[in-house]
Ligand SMILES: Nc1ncnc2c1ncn2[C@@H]1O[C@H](COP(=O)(O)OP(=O)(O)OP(=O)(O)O)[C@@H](O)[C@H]1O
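One chain comes next, on its own, written out as structure tokens in the form predicted on its own.
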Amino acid sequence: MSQNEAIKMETPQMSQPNESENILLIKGLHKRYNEGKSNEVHALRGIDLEVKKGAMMAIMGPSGCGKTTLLNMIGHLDQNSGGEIHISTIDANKLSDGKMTAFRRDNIGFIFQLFNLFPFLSAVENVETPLLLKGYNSGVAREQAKMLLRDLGMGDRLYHNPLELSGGQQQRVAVARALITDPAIILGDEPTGDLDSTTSAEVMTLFRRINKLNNQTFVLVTHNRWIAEKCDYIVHMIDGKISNVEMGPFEEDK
């Protein structure tokens, strides 16, 4: 058995939902910090949410309303205090730590405001890293990373370090790194928040193209109404709860 085959066997396998099915189902989700203490903070208060496969969803709300906490819960970067989160047919909360790590690596892509690139690695080295962590042959990982970067318009920047790239270029590298494992869901925490308006528009156009081309699901936290209106619907939060959901399309050109 090859190393790649062994890794695949250890990873929980998701069934692929069709376009009419939920890829994300959240029931009664709660998150409390400092539980049982006098300074306990109830960050999420019974969130119920459904996201269809191939949808592009924005989460908006004032600072401290629970947007990023909800995103972290979806990405299983933190433990919830109650409720359920199902990604396709998998309840990741029931997985062991090792299987949870493999599940997150293989099924969830992360894109952050500050890019979180390794500063001393080139663009192609940053992008190939998730495949190397999965046990891919280095040559195969390098070729896949190069192909993906070329598809995203970064073919002439493969061997540039992050400090040699513009903000928009760095975000494209971050997008490529998030996409390289072909995740079911891509999560973005203010992914355009550190970019100017022109570059933000370019990045959102890129997100939308990937969303349509690959039928990949995006969940984006943003404070920017213009960015949110590029999505299919907008979830509004306040005080750890969903206050309302706006359904798109919001623009004629979508």
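The numbering used is simple: start at 1 and walk along the sequence shown. Note that the structure is a prediction, hence the values are computed from the model and not measured.
The form predicted together with the ligand exists for this protein as well; it is not shown, and the discussion that follows is about that form.
Checklist entry - What is the one choice in T205, N215, S63, S197 with a heavy atom within 4.5 Å of the ligand in the predicted complex? => result Here the answer is residue option S63.
Checklist entry - Each of K52, N224 and Y233 near the ligand in the predicted complex, meaning some heavy atom within 4.5 Å? => result No, the whole trio is out of contact, none within 4.5 Å by any heavy atom.
Checklist entry - Out of 225-233, 205-213, 22-30, 35-43, where are the residues with a heavy atom within 4.5 Å of the ligand in the predicted complex? => result In short, 35-43.
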